[in-house]
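We begin with a single chain expressed as C-alpha cells, specifically the form predicted alone.
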C-alpha cells in the first residue's frame, strides 16, 4: 500500500503535526477546506468534460484550440486549489488514508487522468490544425476524450467512497 512508499513514521508525524491537529480540531476549517477541494474539483472536471465533449464532436464550429485555451485557464487555476486542499485533507488522517483502498484507487486514477491529459497535450494536440473547426476530431482525440471523462468521474467516485471504506 502507500505505506510502502511513505513510512509509517512519516505518516504519524504528519498526522500529529500542529497543522494537521489544527484542521482536525477546528469546527469550521476542515469543512471549509473540504468545500474548497470539492468545488475546485468540480470546476476542473466540469471544464475537462466540456472540452472532452468538443473532442467527441460536439460544437464543431467552436475551434478546438480556442476551447482549450479557455478551459485550460479554469482547469489550471482550480488545480492550484485542489493540490493544497487535498494535502490538508490527507494530513489530517494520513495513517488511515494511506491504507484506504478508495483513496489509493483515487490516487492511481488521478495519475492516469493526468497522464491522459499529458499525452493529449504533447502528442494528439499537435495535429489539431487539421481538425480544429468544422470536422470530426480523429479517433485518437475521441479516445482521449472518452478516457478523460471516465477517469475523472472515477476519481470523483473514489473520492466520495473514501468516507465509506
Ligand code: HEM
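Just so it is clear, the structure is predicted and the values come from calculations on it, not from any experiment. Residue numbers count along the first chain shown, from 1.
Separately, the form predicted together with the ligand exists; it is not shown, and the next lines address it.
Enquirer: 68, 131 and 134: each with a heavy atom within 4.5 Å of the ligand in the model of the complex?
Expert: The answer is no: none of the three residues contacts the partner (heavy atom, 4.5 Å cut-off).
Enquirer: Taking the partner as it appears in the model of the complex, which of 118-126, 97-105, 46-54, 136-144 has residues with heavy atoms within 4.5 Å of the ligand?
Expert: Only one stretch qualifies here: 97-105.
Enquirer: Does residue 73 reach the ligand in the model of the complex if we count a contact as any heavy atom within 4.5 Å?
Expert: No, residue 73 sits far enough from the ligand in the model of the complex that none of its heavy atoms falls within 4.5 Å.
Enquirer: Although the partner isn't part of this model, could you tell me whether residue 150 comes within 4.5 Å of the ligand in the model of the complex, counting any heavy atom of the residue?
Expert: No, no contact at 4.5 Å.
Enquirer: Should residue 155 be counted as a contact of the ligand in the model of the complex, where contact means heavy atoms within 4.5 Å?
Expert: Residue-level check for residue 155: yes, a contact with the ligand.
Enquirer: Using the partner position in the model of the complex, report whether residue 110 sits within 4.5 Å of the ligand, counting heavy atoms only.
Expert: Yes, residue 110 is a contact residue.
Enquirer: Heavy atoms within 4.5 Å of the ligand in the model of the complex is the criterion; list the residues of 81-111 that meet it.
Expert: Those in contact are 82, 83, 86, 87, 89, 90, 97, 103, 106, 107, 110.
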